[in-house]
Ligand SMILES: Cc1cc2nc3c(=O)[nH]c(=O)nc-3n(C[C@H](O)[C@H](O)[C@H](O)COP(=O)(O)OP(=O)(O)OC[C@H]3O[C@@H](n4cnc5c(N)ncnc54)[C@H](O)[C@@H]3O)c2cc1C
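Just one chain follows, in the form predicted on its own, and it is written as structure tokens.
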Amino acid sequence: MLNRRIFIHSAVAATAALSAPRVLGQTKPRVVVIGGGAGGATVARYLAKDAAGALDVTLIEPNATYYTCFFSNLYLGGFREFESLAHGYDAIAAAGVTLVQDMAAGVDPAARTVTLAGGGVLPYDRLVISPGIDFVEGSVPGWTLADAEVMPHAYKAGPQTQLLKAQIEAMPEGGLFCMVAPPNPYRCPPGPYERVSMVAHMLTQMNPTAKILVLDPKEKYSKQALFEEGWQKHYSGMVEWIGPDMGGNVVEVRPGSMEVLIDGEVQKVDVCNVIPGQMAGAIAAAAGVTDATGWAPVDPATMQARADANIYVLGDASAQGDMPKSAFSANSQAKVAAMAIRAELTGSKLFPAKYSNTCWSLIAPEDGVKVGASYEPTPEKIASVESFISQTGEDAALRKATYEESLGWYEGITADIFG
């Protein structure tokens, strides 16, 4: 039902009849995709499917199994098994995409080649970069990526997610969980606060006298009224949020002693989830498509990099305007990019770009909320044209239906991404 409906809007723009393919030299036009997440896997699959053999599509991804960051909070809360987040690439390979299990180490835009960590070199006619995020070293004083084994970020799903859950389960009775929230912009704006909700739910089940401390450099955050209402209703007295007016923006961590300094005051904690400042995955900078912000500006109508028309940047790594950095956004952008690449390389029709996004969050069992919008390109950016958000005070039946809708979305989008 929802699984079939939810992608129709984006898919209509992404399916166009092909004219005879244009031959470059003696080979098919070559499209190389870096990154097998929501953006990269989607664009590779749609290029192979809709070009019907007219393009040579290669997907570079170092991991054989992809764990979705979206819905990983539900694993932390005990609502999903870890393996339910795991997805492979067999169906994408069966669709005609060449899989290269390696890391992209460099890009030569002049030669149009990608160098692999293993030493191989792949030529391309068009390159798609969808590497997700990397972390800004020094954005949280006292924390480096090496400290993630002590104070995990768990903002790239996989072992970090498992580590954080194990730490929460091992907290002493009445212990303190601390989250250092990230500055804007970052992956999945409601994500940290859904995580707080899921940790709170788990603690009510196994450690009900424990406390949660959220240190936030932002004055406001996505779905704030909804989360605050939910925390008061389901976890009264457990969650304390400290914004910049109370020192949430002047935070230092000491991983060795499990301490947090809040505006100079020392607080001992039992678990510390540090979510640092973020930037585009490093390969985007290596390709020369990022700017001083650390993100890659793109053409709103096609997702082409502003710095290089032969390179497209999708998902979290892109600086495109109003769309949040989310899996739904990346999937939507990938379909527009696939259509644009096919039009360039095969002469197929290019339809006007349309984008959409919805972000669901679970606050407590069967208490789901959502925010979303539809978008269209302007000369300056991808702009929101219509939006919606759950309201405070909604009845339990509506919140349950919203949660069930999110479950259908997860099944639908992962099928659409990975085949």
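Bear in mind the structure is a predicted one, so any value in this text is a computation, not a measurement. Note that residue numbering follows the sequence shown and begins at 1.
Missing here is the form predicted in complex with the ligand; even so, the following discussion is about that form.
Contact assignment for the ligand in the predicted bound form, among Ala338, Ala330, Met303, Val289, heavy atom within 4.5 Å: The residue from Ala338, Ala330, Met303, Val289 that makes the contact is Ala330.
Which pick from Asp102, Glu229, Asp299, Asp125 sits with a heavy atom within 4.5 Å of the ligand in the predicted bound form? Checking each option against the ligand in the predicted bound form, the one that comes within 4.5 Å is Asp102.
Location of the ligand contact in the predicted bound form, chosen stretch of 69-77, 212-220, 167-175, 247-255 [non-hydrogen atom, 4.5 Å]: Careful reading of the contacts points to 69-77.
Quick one: does Pro62 come within 4.5 Å of the ligand in the predicted bound form, counting heavy atoms only? Within the cut-off, so yes.
Would Tyr155 count as touching the ligand in the predicted bound form under a 4.5 Å heavy atom rule? Answer yes; at least one heavy atom of Tyr155 falls within 4.5 Å of the ligand in the predicted bound form.
Give a yes or no for Ala38: in the predicted bound form, does one of its heavy atoms lie within 4.5 Å of a heavy atom belonging to the ligand? Answer yes; at least one heavy atom of Ala38 falls within 4.5 Å of the ligand in the predicted bound form.
Touches the ligand in the predicted bound form: Ile34 (any heavy atom, 4.5 Å): Residue-level check for Ile34: yes, a contact with the ligand.
Is any part of 121-155 within 4.5 angstroms of the ligand in the predicted bound form by a non-hydrogen atom, and which residues would that be? Heavy-atom contacts within 4.5 Å come from Ser130, Pro131, Gly132, Tyr155.
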